[in-house]
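Presented as structure tokens, the chain that follows is alone, the form predicted alone.
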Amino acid sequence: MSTAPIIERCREIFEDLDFKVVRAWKDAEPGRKVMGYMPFYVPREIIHAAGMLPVGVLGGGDQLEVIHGDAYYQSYICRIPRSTIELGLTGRLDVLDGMLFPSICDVIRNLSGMWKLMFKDKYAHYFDVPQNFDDGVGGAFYIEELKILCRDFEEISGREVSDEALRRSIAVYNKNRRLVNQLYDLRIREPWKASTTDVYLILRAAMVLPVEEHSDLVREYLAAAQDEEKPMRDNCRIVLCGTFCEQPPLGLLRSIEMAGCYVVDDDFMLVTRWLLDDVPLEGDPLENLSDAYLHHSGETAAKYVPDVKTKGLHLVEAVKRSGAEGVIFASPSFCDPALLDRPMLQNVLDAHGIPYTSFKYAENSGQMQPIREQAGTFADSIKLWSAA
């Protein structure tokens, strides 16, 4: 069995800006609803429990010419809000019955307000998360936010979001996260068998496929990849950091790989593995989701870290866990969270003797040669230093 047909299907999904897979799902049964979201972190379990399809909206990438979107936003912010507006104004997102805008940055907060003004007939909600991690404060706040989503989704879908429905959905997403973690474990062990472009395309498919179907896809890929013979190269193992919101073009990932780097960890589409452990099925499901976010979730630049002493240690742990030899900071241009976070993370890497390099990109980056040369030089220097 080959991985090629699986990746080809994922590539077709990746290149489809008209969301044909989503439209087919919605048209298959009368009354089906679709909830879009910016895929940093939202509780997809609640969308699923309401009988709706969660759909990640990641902008237009390098396939979409932005014309209308540029009229709504200034040029000195990241590109993803402009291309998302373009998708909306050109009718590509008409299939959505609503949009969630998670708490990423001020730009996405502004986008949520813009969306309400532009698409008055569609549900739009800015989904905030706690910055206080005490169960009685941040936890209580977060549970109330989740209850608002439950009530809103019940009204949109016409389906009760019961505790039992939530538990079933939590179980489904627990299984999907375990499979995604197995995919990442395979890439750590044998990165030549699960390339970064493969992993990326599989995660992109998770943004539009029903979670059950995506779990089957990951399971099939794992079985095929483990049996497939591919050459192992003397590449440098790196962690890619900064790609948690505006996504890098596929050509950028290929350029890094062609430069002699195996990406063994990253922060692509964190919603697929944001929660680090299974969410318990016993007890109150909303309390369990709250506890998972407060105490068992990942870290990134857009998440508040209350203890400054632990800031950046998650990146050091990722390097150790994956056996990486260095870190590449790839941040979107004008991404305030990533670019403001980077100096603090670099200081932590310096303290632990971990080499790094950095560059900026946009989702429509066209010139990859300088990035390839920089990544190749970084990989070569690591090999020279380690040999010395």
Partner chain sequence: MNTATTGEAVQKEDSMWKQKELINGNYARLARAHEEGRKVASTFVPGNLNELLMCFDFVRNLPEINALQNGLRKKSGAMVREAEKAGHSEDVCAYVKADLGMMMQGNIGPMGEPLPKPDILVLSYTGCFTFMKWFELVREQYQCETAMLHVPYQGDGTITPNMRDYVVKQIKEDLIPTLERVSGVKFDIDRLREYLVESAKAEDDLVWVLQSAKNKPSPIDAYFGGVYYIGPAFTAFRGTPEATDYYATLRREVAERLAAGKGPITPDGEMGEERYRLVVEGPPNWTHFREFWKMFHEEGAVVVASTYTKVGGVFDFGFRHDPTNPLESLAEYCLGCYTNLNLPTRADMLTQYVEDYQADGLLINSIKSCNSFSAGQLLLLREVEDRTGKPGAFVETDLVDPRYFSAANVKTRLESYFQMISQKRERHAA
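Positions refer to the first chain, counted from 1. Because the structure is predicted, anything quoted here is derived from the model rather than measured.
Although it is not shown, the form predicted together with the partner chain is what the next lines describe.
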item: One stretch from 266-274, 192-200, 126-134, 226-234 that, in the model of the complex, holds residues within 4.5 Å of the partner chain by heavy atom; value: 126-134
item: Heavy atom within 4.5 Å of the partner chain in the model of the complex - residue from Leu100, Leu315, Ile104, Leu286; value: Ile104
item: Contact residue in the model of the complex, from Asp278, Glu154, Glu145, Glu257 (heavy atom within 4.5 Å of the partner chain); value: Glu145
item: Partner contact for Gly61 in the model of the complex: the partner chain, 4.5 angstroms, heavy atom; value: no
item: Any non-hydrogen atom of Pro249 within 4.5 angstroms of the partner chain in the model of the complex; value: no
item: 4.5 Å heavy atom contact, Ser333 and the partner chain in the model of the complex; value: yes
item: Val180 within 4.5 Å of the partner chain in the model of the complex, heavy atoms; value: no
item: Phe141, Pro306 and Leu340 all contacting the partner chain in the model of the complex, non-hydrogen atom within 4.5 Å; value: yes
